[in-house]
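We begin with a single chain expressed as structure tokens, specifically the form predicted on its own.
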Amino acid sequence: MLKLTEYEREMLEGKYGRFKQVALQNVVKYAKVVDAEELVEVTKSTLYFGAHSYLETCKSDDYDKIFAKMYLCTDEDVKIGKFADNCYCQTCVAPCDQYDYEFNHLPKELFERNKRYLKRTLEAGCALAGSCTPYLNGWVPLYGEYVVTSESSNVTMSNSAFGARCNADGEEAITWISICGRAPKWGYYLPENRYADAVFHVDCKSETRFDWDIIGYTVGRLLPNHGVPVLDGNFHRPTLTMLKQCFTAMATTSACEMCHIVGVTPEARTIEEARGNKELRAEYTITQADYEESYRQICSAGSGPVDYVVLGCPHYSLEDVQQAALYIKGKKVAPGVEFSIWTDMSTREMAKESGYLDMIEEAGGRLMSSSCPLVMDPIAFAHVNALVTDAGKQAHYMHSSMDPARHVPIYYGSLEKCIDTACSGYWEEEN
């Protein structure tokens, strides 16, 4: 039996308007499906708003109607109202850059429609950030705080590094939750579901962000279904940017939503604390051979000319942009190569003020924001003959995003290797 507070009952009865009433009605249905006994107050959410292509199935240009049909899941004419005052909502990535559509070969009509849709949700209370790494621009949940997101790497970061209570959810459910500020208490909101049931002993290279990207990819491909891993071993202590890559790659090869790292994450001061009394389902040692196997799975074999180099999956932090800008300073991107780095709007502005944007543009590159090739329409890279990236996630998904008949190679390497390739126009296979 689902227990509701007086405020929740009033919302369900329509006291605070039809917009919130419909949202809470959906949350209550959701709670009954997952057998939740109560709702929790959610104080942060990220939402996948913008003119995404799947919204075109509505055959309408009226965003209120689109919103009601696609997000509220109703045929009723419910106008967009205000999101919950207690829930700080922020936009995730959109289908195009916030400032530039021409560089990515996208139509102006999509760019303008995206701006219009985002403006409408901004008026409803969802801040525009255009970020798949919201913790880099103020969306930082505290230990024990209830939050929700559809970004796979963010749910792992929130649960693991910050010790927040975070569930990954579908965009519709997140919208309902953001409107009424309530979610069913289930999943990783429950303490008993947060313990580790798979142990990974790290015994491979772990000094760089690239190493942690491969470690995450490896953990994900070995992890049992719905497993919660704990990492231990004599590894190099990761920084936030290293964890950003690790958790992103881990969520690519698995459904992992939480990962303990002994001595690093707050609920894993010891391996015993991370495991609790949960039954162990698997135990692995990640060797250098496992590391190399993951690399082979991600990176196309061979050498060859390239015409598309992209960094920033997940979005680059200012530290990442600084590293790339200082490395490319004084170099030139080869003719015929499109080189872009992706970040959020706030980081792009800081990079501009720090002079990093100028360094990148003087070299012939672009610092983009609010989207990435994985989210943009495939028309953005339909012309590409060979792609290079420094992210396991990007490489993994771009293999399946390209036209299989064209056999486009997807190369994967460190930031430095990618920039060197952009400047030479040629990928050299690792020995």
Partner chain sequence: MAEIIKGRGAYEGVMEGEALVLPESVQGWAGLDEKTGKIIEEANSKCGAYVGGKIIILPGAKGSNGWASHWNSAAEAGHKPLAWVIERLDSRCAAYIVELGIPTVVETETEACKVIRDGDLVRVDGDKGLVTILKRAGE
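Numbering follows the first chain given and starts at 1. Values in this document were obtained by computation on a predicted structure and should not be read as measured data.
The same protein has a further form, the form predicted together with the partner chain, not shown here; the description that follows concerns it.
- The stretch from 57 to 65, 360 to 368, 37 to 45, 380 to 388 that comes within 4.5 Å of the partner chain in the predicted complex, counting heavy atoms only, is 57 to 65.
- Taken together, the three residues N234, E273 and Y284 lack any non-hydrogen atom within 4.5 angstroms of the partner chain in the predicted complex.
- Contact with the partner chain in the predicted complex, judged by any heavy atom within 4.5 Å, is made by just one of Q90, N114, T252, T347: T252.
- This chain lacks the partner; the member of Y308, Y356, W176, W212 within 4.5 angstroms of the partner chain in the predicted complex by a non-hydrogen atom is W176.
- Among residues of the shown chain, V321 is not one whose heavy atoms approach the partner chain to within 4.5 Å in the predicted complex.
- Within this chain, K108 is remote from the site of the partner chain in the predicted complex, having no heavy atom within 4.5 Å.
- Contact between D97 and the partner chain in the predicted complex is not found at the 4.5 Å heavy atom cutoff.
- In the predicted complex, none of the heavy atoms of E292 sits within 4.5 Å of a heavy atom of the partner chain.
- For the stretch 17 to 41, the set of residues having any non-hydrogen atom within 4.5 angstroms of the partner chain in the predicted complex comprises N26, K29, Y30, K32, V33, V34, D35, in sequence order.
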